[in-house]
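What follows is one chain in structure tokens, specifically the form predicted alone.
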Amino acid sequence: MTDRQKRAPRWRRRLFGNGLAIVGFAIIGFFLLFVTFAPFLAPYSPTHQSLRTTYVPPGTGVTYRGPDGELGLFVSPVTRSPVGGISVTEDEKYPVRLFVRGAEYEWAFGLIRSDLRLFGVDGPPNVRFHLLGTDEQGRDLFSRLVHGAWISLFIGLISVGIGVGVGVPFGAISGFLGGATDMIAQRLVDMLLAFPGILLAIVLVATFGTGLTNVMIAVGIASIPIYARLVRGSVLSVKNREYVEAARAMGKRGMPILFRHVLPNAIAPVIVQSSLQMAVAILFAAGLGFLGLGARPPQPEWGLMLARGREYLAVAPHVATFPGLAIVAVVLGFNLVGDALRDALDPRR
């Protein structure tokens, strides 16, 4: 058994033996389920409006006994009027059932067409079960949170991809070549690091315009100097090792040594940073959405939902609470996984 084979089970045991890492993976897996099965899990369209049911609190109209006293989950019609507030028609009760048929939807770029949903109300179309309540336009908050998960995670994934794709080669070449090349490259990195990441992203979005594409590019560019500086340090610590000198003695020169011998042995910090950077990217995207520089209405992006819910804290605190909790949960999940990866991949441990 080689040394590499002996080490692999050890870091895996350290990673999966960490209770906080398991919690982090569970949180991320939970939101990945939202991303994968969003139309099936969400009972309604995230953009469907109903001005007769605006900012209805969670649990309004829900009872656990039917019209004949039977046990179960039942919903009564709920309306809101400008004068009388919320009114519940308690003499009407309709059951909430699993695996119901609803409006048809398309998913996975049109490859999947279905009308089956996880749960819904067996009753008239105007009677709805709002698990987390509704927002200021009567849209189902749970459906918007579910559909918004893919936006936040996709922004994080693309942003980290841009940071890795540009920052890793840039930092690796800078550290490997050294000399004037390294000095000029690191001065460029210093210029980018002089701006706080969120401020740099705001400047880029304000320059190129709002929208999800520009948000992903801006957050990705803001992460490039972090990866460049991190990889440069790793390459500097690896490029003078014995196996690199042996490769040179065998006649190898230049970039083949960097990409075949140096970079593979300097990539572990990048894996850890990528997990942590996912959390940062999601926070940056939510912050830009909160400031009105990210996604545009009616897209169910969590930062935008949080910004809109802030205006209704006095009358409907749940509109801002649930998007805020979703952001906190997914960022916590990636931070826990990143910390566990750092501990598991640390050779000093």
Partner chain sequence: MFQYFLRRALVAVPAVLGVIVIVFAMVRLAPGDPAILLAGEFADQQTVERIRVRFGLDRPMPEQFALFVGNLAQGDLGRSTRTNRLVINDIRERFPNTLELAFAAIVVAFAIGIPAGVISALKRNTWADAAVTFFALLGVSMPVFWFGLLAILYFSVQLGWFPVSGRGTFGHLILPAITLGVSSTAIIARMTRSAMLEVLDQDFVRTARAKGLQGRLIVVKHALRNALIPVVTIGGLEFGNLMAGAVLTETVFNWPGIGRLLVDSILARDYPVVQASVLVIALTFIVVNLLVDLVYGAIDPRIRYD
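Positions refer to the first chain, counted from 1. Everything numeric in this text was worked out from a predicted model, so none of it was measured.
Beyond what is shown, the protein has a form predicted together with its partner chain; the following relates to that form.
Would you please decide whether F31 lies within 4.5 angstroms of its partner chain in the predicted complex, comparing each non-hydrogen atom pair?
No, F31 sits far enough from its partner chain in the predicted complex that none of its heavy atoms falls within 4.5 Å.
Is P58 close enough to its partner chain in the predicted complex to count, meaning some heavy atom within 4.5 Å?
Result no; P58 lies far from its partner chain in the predicted complex.
So, in the predicted complex, is F154 in contact with its partner chain at a 4.5 angstroms heavy atom limit?
No, F154 stays farther than 4.5 Å from its partner chain in the predicted complex.
Examine F195 and determine whether its closest non-hydrogen atom to its partner chain in the predicted complex is within 4.5 angstroms.
So F195 counts as contacting its partner chain.
Counting any heavy atom within 4.5 Å as contact, can you tell me which stretch out of 125-133, 162-170, 97-105, 199-207 lines its partner chain in the predicted complex?
It is 199-207 that comes within 4.5 Å of the partner.
Taking heavy atoms and a 4.5 Å limit, what residues of 278-297 are near its partner chain in the predicted complex?
Stretch hits, in order: L283, A286, G287, F290, L291, G292, L293.
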